[in-house]
Ligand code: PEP
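A lone chain, given as structure tokens: the form predicted on its own.
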Amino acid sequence: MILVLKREITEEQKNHIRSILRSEGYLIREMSEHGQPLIGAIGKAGQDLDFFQQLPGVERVIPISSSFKLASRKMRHEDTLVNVGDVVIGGERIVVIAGPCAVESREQALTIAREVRKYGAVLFRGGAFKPRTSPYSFQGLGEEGLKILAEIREELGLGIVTEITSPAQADMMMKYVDVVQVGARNMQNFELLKCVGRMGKPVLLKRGLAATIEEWLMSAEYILSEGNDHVVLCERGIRTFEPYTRNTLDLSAIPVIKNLTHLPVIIDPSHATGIREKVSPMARAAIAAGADGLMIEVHHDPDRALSDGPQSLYPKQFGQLMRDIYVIAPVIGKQLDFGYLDKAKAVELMSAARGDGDRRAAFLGELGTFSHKACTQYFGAKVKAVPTPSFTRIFEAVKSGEVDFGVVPLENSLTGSIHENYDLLLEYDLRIIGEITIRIMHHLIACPGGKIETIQRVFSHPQVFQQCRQFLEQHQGWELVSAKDTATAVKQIKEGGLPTDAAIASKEAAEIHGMAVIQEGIETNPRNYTRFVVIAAEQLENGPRRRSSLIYSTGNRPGALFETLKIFAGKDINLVKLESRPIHGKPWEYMFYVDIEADIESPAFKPVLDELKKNTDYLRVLGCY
């Protein structure tokens, strides 16, 4: 059962509740969701629920009927986030684990690790102990393999995932490994599950060859019951009658798992299919179905691999898959961040502007806006998101050192550029250090129990009304009320509490304020994306740099702009954006904003920058990122 405690509960009342639960023999877990204190109690009830309902400080009691208690979504409504160093599994960013089936040699493992790191993998997989069907097959390098994996972590910063096959290996795993994998054949090895539960390290639990979802979650319950909450579920295909693939990938398990449990789930399409050309399609499908990440086998010479060569992608195939996932992720509200590790390290190394150790990023509006979502997806939990009332105030806060970063939108795929922010980039001497594109999905939100038939007024930002024009034209009797941002609109209808009021905003805003979504996806065009940039007073040291943003003006003469563009074409540099803006105080004169796919400040492109300076009257590099 779950005891939902009153927000104003005293510590004395909490201690009294804890004492009663322990005396009844319950295993207890204390949690908090949206500021609401909770206590999960697992055990055989000696008292009925009414007894606990009457305890001072208890608001209500929720029974848990499923056989898996700690893993149940009823125990914890919010998704569990599993931290592996700088990597968070289950959050806003897709996590990709990649590497060979087995560590065969130092050279082989390092070669593959460098390749998958280059293409965006954030964790490295490789078996040091290999349970094989035949006792005569390669069984792994043992501790020597673990030492090689530890060297990879030291050199490349990749967290290490490897399989434990016996409790006797626990000490070695504690010494060398970041994530302990329990393989499919050991999913119901209960002594091993208890062992990894006591180890306390993150655990990757693979589904058994013929296990039901409930059996899989019960195995996770063994680990959780030992006090280890850092469990990641891995679907790797189940054995069926179908002979055309190694296993049958159960993609339907993803939404089922997401409904039943708060634990993150990743997909291993390599073992699920066993065939190289089937891996990428199934990986793409897994992300579209809502998986939190992927585990992909990669080998630079799979024909000579000592295990599972036929299902291993070549490095370039893996790179192409990562580009595909990068495109797919925003559609389902997530991101694949190619600079995940580099960015985390760069943020860690930089000095906080205020000197208090906390790094802060300003975004427009309240918690729950799309700007807030962009901020959390870009930085994760590394940086504190700070609500800010205006774009100008964001630039001022970054300039003064009040915050370290600002997150501002530059353009929307439906409504075009946000010209105010282009002008502010010119006005303030700040750097663009990153970008992120998120899909904008608008929802009609009302107070709990509200119905579309009773709505008379709708609150939102004016630009949102424009993006939802087709839906709103079907309800012309509604009064449209402007708000400074979408989350503020939700806050206003909550405070008003009227069944006739609604707001248009994100699902996150509805959850934060305890409101109900009464109609999803009301934007006119589903291809509704906003590109945000991240600004700072200085460039991130050693941060990722794959694109540059420039601003320049040219002389008022025929072909002046063409001459600058010819410089990029001559050096085979891809131009991805070109926009003109009037120069304030100089009628009919313009500045050009340009985005290119190159690090224009790198030594390799210095001749390009020098030539560009000769052909412009004014030139400024806004940032390389």
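Model, not experiment: these values are computed from the prediction. Note that residue numbering begins at 1 and tracks the sequence as displayed.
Heads up, the form predicted together with this ligand isn't pictured, but that's what we're talking about next.
Residues with any non-hydrogen atom within 4.5 angstroms of this ligand in the predicted bound form fall in just one of 385-393, 416-424, 123-131, 499-507: 123-131. Contact between residue 513 and this ligand in the predicted bound form is not found at the 4.5 Å heavy atom cutoff. None of the heavy atoms of residue 434 is located within 4.5 Å of this ligand in the predicted bound form. Taking the partner from the other structure, this ligand in the predicted bound form has no heavy atom within 4.5 Å of any heavy atom of residue 292.
Within this chain, residue 184 lines the site of this ligand in the predicted bound form, having a heavy atom no more than 4.5 Å away. Exactly one listed residue, out of 373, 334, 230, 236, brings a non-hydrogen atom to within 4.5 Å of this ligand in the predicted bound form: 236. A heavy atom within 4.5 Å of this ligand in the predicted bound form is found for exactly one of 221, 163, 366, 404: 163.
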